[in-house]
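Encoded as structure tokens, the following chain is the form predicted alone, with no partner shown.
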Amino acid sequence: MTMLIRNGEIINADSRVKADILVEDGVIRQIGEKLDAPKGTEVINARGKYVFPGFIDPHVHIYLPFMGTYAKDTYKTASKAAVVGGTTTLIEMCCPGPTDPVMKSYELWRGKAEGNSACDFTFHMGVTRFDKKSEAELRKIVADGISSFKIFLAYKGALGVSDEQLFNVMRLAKELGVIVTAHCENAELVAQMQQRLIDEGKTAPKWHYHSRPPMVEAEGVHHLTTFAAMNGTHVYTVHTSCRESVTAALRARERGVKIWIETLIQYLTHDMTYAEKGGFDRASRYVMSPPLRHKSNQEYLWHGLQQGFINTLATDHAPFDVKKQKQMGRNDFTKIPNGIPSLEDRVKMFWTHGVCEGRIDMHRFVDCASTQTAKIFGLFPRKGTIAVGSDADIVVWDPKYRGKISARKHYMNIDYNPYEGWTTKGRPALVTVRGETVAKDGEFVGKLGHGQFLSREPTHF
């Protein structure tokens, strides 16, 4: 399959040029002006449009047993949503329970994706216990192409790790060159605050925020970085929600800790009042951990992305429906399945509220939503850039498009959209994954099963 994209303006994290792109066998072969199209080439006219590298979401949950239920999406739905929104690579959190066999869990998660995904994929391997057997299996999983772990400093009695386990995960990661991604909250503080609030009869969704305030998240970041410093391990804070947590990470950077920071599109566009408005059905939609924060944090997070001290933008996509699943916590906020689904709309919201409102330029837009993730997690330059030799994961972006988001039209398998009724500026006009067209003008046109597992080499020694 040969494709020639003509007349577009190519925007990378560090460059901008008007040129043609010739794609052969799923790879970018040539970039230049007035390239010749071999016989049989599909020619795409991108005049008046931008050409971006495929976007990468570094933090999604697709198969997810959690809080007594399962996330609603599968790769058959989530990967369609991803590519329609311009995301061509997913990094999913593989999250086994503390008693689950480690290798079998990895094989289970990977098996859910293989043969079913429209986009490429890889995993962060969750570590919820650490002993000799799990260590041996983790070594095998790294050898199989996984170069990042995931740990939880939250969810006491479920996914959370002890300090002894944390120390040993850090030790192993340093030895293997693996980066450790971490959910940073103090599990004991959360558990104590939850119990206090429930005992006081404070059971509504709005109290979720008060059970895990910013200082609890910041303490988790400090805890993580202390253990990272003891071992020289490279770490990455997922879904960083507030100034306090970012400050804790930056102070660790000043001490020499190798740390990268992720935030979420939801934290840039929503605030804590969304979980306070209306009745339970509406408020419960906006329960996630860490919680949506005070609105004053939003401009700080935008500034962090613009200046580069916050590295990546993710979704922590975890879809649980309102009709049944969120109802599990109607009388107890601690039982509301956590998650605000945003996989399909991350890039459009980032463009609309970032680039179009002058908060970030197009280069930072590409860097935060694609390139930085590729570099941090061992995918660059195969992914995250428009360059000769890179995979032909390409988004032809129409900046003139205007639209409105509705759950009735989205591909995510969920009965609500947190951006319901919001207007958007710009969208992908064409999306390719390794040279195959998978989406056009908001419609999925690809093939499930085209997506491939991405093997990654450890680089964080």
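Quick note: we count residues from 1 along the sequence shown, nothing fancier. Just so you know, these numbers come straight off a predicted model, no measurement behind them.
The next section is about a form of this same protein that is not shown, the form predicted together with another copy of the chain.
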Legend entry - 4.5 Å heavy atom contact, residue 321 and another copy of the chain in the predicted complex: no
Inset, instruction - Using the partner position in the predicted complex, report whether residue 168 sits within 4.5 Å of another copy of the chain, counting heavy atoms only. - result: yes
Inset, instruction - Spell out, yes or no, whether the shortest heavy atom distance between residue 380 and another copy of the chain in the predicted complex is within 4.5 Å. - result: yes
Inset, instruction - Classify residue 41 as contacting or not contacting another copy of the chain in the predicted complex by the rule of any non-hydrogen atom within 4.5 angstroms, answering yes or no. - result: no
Legend entry - Stretch in contact, per heavy atom within 4.5 angstroms of another copy of the chain in the predicted complex, of 313 to 321, 344 to 352, 73 to 81, 193 to 201: 193 to 201
Inset, instruction - Have a look at 103, 283, 159, 250 for me and say which one sits with a heavy atom within 4.5 Å of another copy of the chain in the predicted complex. - result: 250
Inset, instruction - Identify, from the list 108, 176, 328, 387, the residue with a heavy atom within 4.5 Å of another copy of the chain in the predicted complex. - result: 387
Inset, instruction - Verify the flagged residues 14, 254 and 303 against another copy of the chain in the predicted complex: is each one within 4.5 Å by a non-hydrogen atom? - result: yes
Legend entry - Stretch 107 to 123 - residues with a heavy atom within 4.5 Å of another copy of the chain in the predicted complex: none
